[in-house]
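Here's a solo chain for you in structure tokens, the form predicted alone.
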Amino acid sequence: MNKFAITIIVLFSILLISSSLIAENKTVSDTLNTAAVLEKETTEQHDLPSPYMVLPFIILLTMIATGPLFYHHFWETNYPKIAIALGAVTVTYYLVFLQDTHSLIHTAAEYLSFIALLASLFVAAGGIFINIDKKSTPWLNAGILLFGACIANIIGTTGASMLLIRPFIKVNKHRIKPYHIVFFIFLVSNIGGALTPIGDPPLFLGFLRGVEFFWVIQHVWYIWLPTMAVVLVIFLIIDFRNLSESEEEVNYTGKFEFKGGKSVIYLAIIVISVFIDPAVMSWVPSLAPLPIGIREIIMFSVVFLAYQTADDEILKSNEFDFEPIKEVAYLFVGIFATMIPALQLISYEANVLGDRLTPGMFYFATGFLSAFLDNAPTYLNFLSAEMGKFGLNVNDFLEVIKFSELYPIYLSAISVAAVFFGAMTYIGNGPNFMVKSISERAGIKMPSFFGYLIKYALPILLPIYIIIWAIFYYNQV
């Protein structure tokens, strides 16, 4: 319970700091929307940050990549302090030198929405016990991965990842290898959720801006399906090769066991609460100037209630603790803060060069940045640049609908890239780091940041993504 309390204190400390900033700058707070993802761009103009202010983000990213590999003990002990300290450098710069509280408030609201969703899904899924008492086979593993990828479009990539990662590890406990978890991240935590706005945060942002709910599946399914098939085939080839290794003789009952029905109700509440936003439902009250809405309050309430009412035996069977979400909370508060200058500079350049960018360029730009920056604001920045190319306003609901109808190839490019490329690194998407942390606590030696990138993501995913570009976006205008 101490770790739970620490995480909640950290989150609400950020909320209190953000609220005090709002009180100091009422002109900015007037432009706030409680839904961070739909916050209107302020009319107040601020100077662009110095390019040197990208350094805190680069330093943090470098330490995330090298810390566990070269100075493991120091990193494990001090990563919360490092993340917060580097984030504080950026916050101080914006407060003192740019006097831009709007960007900080906007980021605080985005972070609270991000961590509220991840924490609530993490705790709710922790109260569900799934046991598949069957021998691990490549076909069974592929079936679990395919099932997880499909339900990611219903309960989100985070929900599907938290629900299935522990059963997946248990099924393979006698021959578990790092590649099992890597492909789980590829398919369940990322690629799988590309068909609906619920699947991944960037797509939900598009939905809130005006992209119709079923637009994504209509324009992406024929890219999603072969991509899933190719990645699954590669997994099957690797997993069949792994069968040659010895495995303990165990008698299996073939039974499927499911416990924790009330936690399923919590999952349903979380999914429904995603839509409880003034931009979607006009009757939902706004809590401005607070950087939090009814949705986040519901999600944080689920964190508390789901943990308090969870079956102790299920929590014990799942080896549940708060370390994975605590690690994500600390690291991503630093990532969200330090990436503000990078995103603003990228947004500026994208809008300046927008008229010269093709769908293929938008695809790779969105993809590569989504691998290292949060893919949700990256998606929005390039959506704004794409619409600006055609004289349309991303803040106008009707113009977003018009854009999706007239220029679907552009919207498709950033939608696919934002979701697919999130699998390229551990920080590309929120559940990636949580799956890694849960796996490591289960005793699986996961590859380092660079190991994951060089051994798996670059040789497996990048060629597939290049083929997608060549078939669907090359020479498109």
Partner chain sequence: MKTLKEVLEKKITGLYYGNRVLLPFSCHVLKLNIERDLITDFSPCCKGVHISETEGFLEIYFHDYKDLGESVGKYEKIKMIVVEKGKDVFDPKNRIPIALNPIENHVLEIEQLDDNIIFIE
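Positions refer to the first chain, counted from 1. Since this is a predicted model, take the numbers as computed values, not measurements.
The following text describes the form predicted in complex with the partner chain, which does not appear among the structures shown.
- Across the options 368-376, 310-318, 260-268, 399-407, residues that bring heavy atoms within 4.5 Å of the partner chain in the predicted complex belong to 310-318.
- Residues I169, R441 and I444 are all found to lie within 4.5 Å of the partner chain in the predicted complex, as judged by heavy atom distances.
- By the criterion of a heavy atom within 4.5 Å, R241 is excluded from the residues contacting the partner chain in the predicted complex.
- Taking the partner from the other structure, the partner chain in the predicted complex has no heavy atom within 4.5 Å of any heavy atom of F336.
- When contacts are judged by a 4.5 Å heavy atom cut-off, F332 does not count as touching the partner chain in the predicted complex.
- The closest heavy atom approach of I176 to the partner chain in the predicted complex falls within 4.5 Å.
- None of E327, D100, D277, E110 but one reaches within 4.5 angstroms of the partner chain in the predicted complex through a heavy atom, and that residue is E327.
- Only one of F300, F129, W224, W215 comes within 4.5 Å of the partner chain in the predicted complex through a heavy atom, and that residue is F129.
- Residues from 49-81 that approach the partner chain in the predicted complex with a non-hydrogen atom closer than or equal to 4.5 Å are H72, H73, E76, in the order they occur in the chain.
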